[in-house]
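Only one chain comes next, encoded as structure tokens, the form predicted on its own.
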Amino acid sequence: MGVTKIGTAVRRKEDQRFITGRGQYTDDLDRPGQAHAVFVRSPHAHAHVRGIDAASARAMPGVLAVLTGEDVAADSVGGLICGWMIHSKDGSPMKAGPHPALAQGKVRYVGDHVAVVIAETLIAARDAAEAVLVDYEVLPAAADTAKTQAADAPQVHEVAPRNTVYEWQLGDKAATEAAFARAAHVTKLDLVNNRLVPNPLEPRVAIGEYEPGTEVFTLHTTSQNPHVARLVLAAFIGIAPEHKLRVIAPDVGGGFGSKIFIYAEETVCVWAAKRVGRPVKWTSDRTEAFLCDAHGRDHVTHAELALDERGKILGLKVKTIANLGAYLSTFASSVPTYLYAPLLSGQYDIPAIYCEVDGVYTNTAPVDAYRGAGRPEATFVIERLMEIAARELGVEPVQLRRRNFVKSFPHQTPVIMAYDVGDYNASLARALELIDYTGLAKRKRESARKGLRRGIGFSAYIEACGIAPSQAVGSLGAGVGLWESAEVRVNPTGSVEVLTGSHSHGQGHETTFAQLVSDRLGIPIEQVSIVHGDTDKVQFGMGTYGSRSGAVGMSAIVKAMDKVIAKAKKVAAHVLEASEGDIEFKDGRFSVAGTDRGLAFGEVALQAYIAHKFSGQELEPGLKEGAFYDPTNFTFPAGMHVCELEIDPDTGIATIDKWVAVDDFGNVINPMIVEGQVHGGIAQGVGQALFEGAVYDSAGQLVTASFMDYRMPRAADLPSFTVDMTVTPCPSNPLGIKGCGEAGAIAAPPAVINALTDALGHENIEMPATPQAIWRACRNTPAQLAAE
């Protein structure tokens, strides 16, 4: 292959090893002399731990150790942290309860870590774990998001009265109340954004090692951000000094946010490796993943939209109770606050917005970022309100949206965000064309003749992603900067290694990053390799989440390549005996302006290392440059998704007939990979809308703890998607790209529910809209449903 240009649909380089079974995932690794860890987990949602009897377990064959919270405390291992400080509206800091790696005196959700058994084999560890006897004093559980703040609710953490972590606000309350006072119409909405379990293809795995000769710890783990994991484990949990701790994240089979966080299992494995003098390996099974991986969503919301007599939006009021689970996970506090409320404006010019969010503890698994992280929740609120308002006003949903779209840029919303560029009407117009909106009435009549109900739903989404800039997120409470790093190493033969702080767990970085380098340096894509996921190889980086790898990670690579090209011009000038200002670089060749004298990129690279032409100290040998990139603004992907479906009222089954997605991702590096990301995101959003929902009973037991009870979308549930794009290049990064990884998951749920409610003729259905729920909604009047 030759040079691979940006914008070309190139097959993913990494897929060859994945589809032939030659990937190297953490569970594929077996370290010499490794032992196996099995966790003793609480069967109760809330209980005092009065005692742990591990004598029988320790005496069993092959058992090396049984460790408890007392051992953790004895070694001064710190608790897990939340890295984003949120302040309540009264100015007080959030109330973060303790989160020990192994329980110390109390368990707070089913699956909480009570002890760990380490043995020669996995079977021996499992047998011994069953022999550990724990004396529990069972306590009442707080498991209902809407009721956990009640005065008589069980107290999850003593430091948080009424189980309230914070009572936060954003926006101008007085201006919003004034807008409602002059409104001609107010649309009101109560909704639940259902709790989700991430379920990536590869469950979490951790292998901890300790080398006594060097006093170095190594953690192999399934992480989206290995450097952040090392930082937290070193600086806050206190496992080891940072330079004595290596974190390696090899091939990782999906994450969707659930592998951003620092969990108890990784902490315990790396700590216990020194304790037992052996590498310690833990691999999650699916039950553990359901119980203990950080969940997503789980909002209870009341929202109101004020409009004037012409249907122009005047104001928006939102009150949300956000379930944060039993402990504050790594970024949990930010998701229902600064990743949520600033996107409530959607694509609309809303003069006044006021949002209140109460973050609450419950005796359930921790809740943190899940694909979209706050943006799907915000989009669901505003897009459901827009659909209902249109129906109440007797206006076409398309018309109401057009009337209220932001039309000029830049646009400052009343809730922090400053949208830089966009053309929302262009996405809508293209979507209407592709869905054949003019033929909808005919299709509805044809469905009705077959005894089916057809509906159409729109979702005009926007998100703030490319999570950065550091100054902005720092002012909002983030405990770290959110820049990204890159190093470009040019070898003497002209091949290139790129070391990036962005981590790939399915996004195709080994292809798109190499494609960028191939295009910019004019070399074949085969001569470019991408290195990531190892803190001993790669300079400090912030990892992958929030659709930041392109806008931030690739921009760092561009910045480093600019430095490489600048130095290579100096080298070429020396070799060609020309002025540096006369050297031009184009299509992989350095040439003297106005002449046919020149050198290919590889020839210049070789001369940089030979260095015979350099005199004195005026130019160092070699060709290697690094860069850190911190953008000036978030990026704002936006678009219009349209879902058209049919309901069979006899079975309650909803069949999606058409799906059109018209997205604005700015400039696109590889359209094939971008389209795949859109497909995957839509599938997850459809899953939330129609099938998925984590349910706890009143005792805090997860009753949807397997795929028998937690329904994931299958290929047969999805249509062939029609994907198209409009382009407004992003001005805040050198590539003009915006990010695509979360768009489908953000846009899809309201598109589906808006289509369902259009087909039903009323609004009384919630996610997940299972066949049973749809069947009931087809038979009951809105009044009957409300009474239930």
Partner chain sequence: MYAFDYHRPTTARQAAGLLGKDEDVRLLAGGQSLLPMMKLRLVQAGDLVDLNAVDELRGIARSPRSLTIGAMTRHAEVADSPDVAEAIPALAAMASTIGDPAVRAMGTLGGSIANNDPAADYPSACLALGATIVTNKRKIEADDFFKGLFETALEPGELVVKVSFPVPAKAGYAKFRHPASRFALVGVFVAKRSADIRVAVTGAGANGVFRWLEAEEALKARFIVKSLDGLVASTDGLNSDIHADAEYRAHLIAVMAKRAVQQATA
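Residue numbers count along the first chain shown, from 1. Since the structure is predicted, the reported quantities are computational estimates derived from the model, not experimental observations.
There is also a form predicted together with the partner chain; it is not shown, and the following applies to it.
Peer 1: Verify the contact flag for D534: yes if a non-hydrogen atom of it lies within 4.5 Å of a non-hydrogen atom of the partner chain in the predicted complex, no if not.
Peer 2: No, D534 sits far enough from the partner chain in the predicted complex that none of its heavy atoms falls within 4.5 Å.
Peer 1: Even though the partner isn't displayed, in the predicted complex is I656 close enough to the partner chain, meaning a heavy atom within 4.5 Å?
Peer 2: No.
Peer 1: Check K444 for me: does it contact the partner chain in the predicted complex (non-hydrogen atoms, 4.5 angstroms)?
Peer 2: K444: no contact with the partner chain in the predicted complex.
Peer 1: Please check if A151 has a heavy atom lying within 4.5 Å of any heavy atom of the partner chain in the predicted complex.
Peer 2: Heavy-atom contact with the partner chain at 4.5 Å: absent for A151.
Peer 1: Given the partner chain in the predicted complex, answer whether the residues A73, H99 and T164 all have a heavy atom inside 4.5 Å of it.
Peer 2: Spot residues vs the partner chain: no contact at all.
Peer 1: Only one of 385-393, 587-595, 695-703, 89-97 has heavy atoms within 4.5 Å of the partner chain in the predicted complex; I'd like to know which.
Peer 2: That would be 695-703.
Peer 1: Pick from E211, D436, E580, D650: which residue has any heavy atom within 4.5 angstroms of the partner chain in the predicted complex?
Peer 2: Of E211, D436, E580, D650, the residue with a heavy atom within 4.5 Å of the partner chain in the predicted complex is D650.
Peer 1: Please identify the residue among K613, R126, K407, H302 with any heavy atom within 4.5 Å of the partner chain in the predicted complex.
Peer 2: Checking each option against the partner chain in the predicted complex, the one that comes within 4.5 Å is R126.
Peer 1: Output the sequence-ordered list of residues from 171-193 with at least one heavy atom within 4.5 Å of the partner chain in the predicted complex.
Peer 2: Heavy-atom contacts within 4.5 Å come from no residue here.
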